[in-house]
Ligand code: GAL
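Okay, so here's just one chain, in structure tokens, the form predicted alone.
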Amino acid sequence: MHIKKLFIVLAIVCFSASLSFANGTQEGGEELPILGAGIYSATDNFNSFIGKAIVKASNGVFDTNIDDGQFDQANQNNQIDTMLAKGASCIAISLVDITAAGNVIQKCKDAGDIPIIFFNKEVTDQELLASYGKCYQVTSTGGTYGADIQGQLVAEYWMAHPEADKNSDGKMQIINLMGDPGHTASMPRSNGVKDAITSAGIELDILEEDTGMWDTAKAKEKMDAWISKFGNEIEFIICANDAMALGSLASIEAAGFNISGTDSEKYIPVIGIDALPEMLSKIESGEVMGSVLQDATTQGTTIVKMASNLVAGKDVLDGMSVELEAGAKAVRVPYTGITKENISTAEECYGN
């Protein structure tokens, strides 16, 4: 389904580990309704950017604070209890554990049928979502969660750069860094990128494949061992998000790779998913080959507009240029492949 982008009008400014909250009063001194919002972990860069976008879009609309679930569902449950106890008019949450969705929905029902919007981590139990009329989702496009686009970018690069086949064996020797196994997008991304590459007629030789848990430090630790083991045998590093791509880059640059971008004496193409601001500078320099934009700004503004409609008793999509995916109660924001050639597309999403 084609989904039009909307409201890409709010810039995301400097990232910080603690997410601030919006003004609690509107013009005239009236109290704003509370949007109780939380992310599963501030260590996930993209998750945090959605949180920042929610805060900015809430200015003058909701009193909003973004809670950090810290990868602990019990902790997040307590945070949701506190949001509801403080009188939240709507809940927007990226769950630590999607199997907790039923419990969270029940909390909202018990608190007076409070609307809830799940985001980022997709809740896949469609019967559960359908069981509560005030429950919706905002995510990036489902399926492979951008990995098909990532795979296409890899295949296009490989075909355009015959020198990338360093040993001239006709196969692509890769490192594949996967996300948190408990995340909805993790396996679809891992399988999707490989399927897209092989569908382009390219044979893969997987040197190593393991989870980096979406985390920069964990990815660097893995890559330190792999670059020491394989060195210049590695022909592509594929990462399921930008955080892991940046960790991988730090590792291989310490080993003398990619330090002068594509002019480096030793070079390994690296690709991620998210197209975060800190990744864009590496794409511009040539240190990184590309990424796939997940539009955090549009997701954040969409969440807030939907929440505002629900609190006002309007149709959830009133005044919006988006549609709900049939059977999923979800608004999907599409991915876009990003390389140096179209980097401005991603920069515009961050107001640069």
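Please read these numbers as outputs of a predicted model, since none were measured by experiment. One-based numbering along the sequence shown.
Another form, the form predicted together with the ligand, is not on view; read the next lines as being about it.
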**Fill in**
The listed residue (Gln76, Asn258, Asn120, Gln150) that reaches within 4.5 Å of the ligand in the predicted bound form by any heavy atom is Asn120
**Prompt:** At the 4.5 Å heavy atom threshold, is Phe49 in contact with the ligand in the predicted bound form?
**Reply:** no
**Asked** Does any heavy atom of Trp214 come within 4.5 Å of a heavy atom of the ligand in the predicted bound form?
**Response** yes
**Request:** Although the ligand is absent from this view, report whether Ser291 comes within 4.5 Å of it in the predicted bound form, heavy atoms only.
**Result:** no
**Asked** Does Asn241 make contact with the ligand in the predicted bound form, using a 4.5 Å heavy atom cut-off?
**Response** yes
**Message:** Looking at heavy atoms inside 4.5 Å, which stretch does the ligand contact in the predicted bound form, given the options 109-117, 123-131, 181-189, 167-175?
**Reply:** 181-189
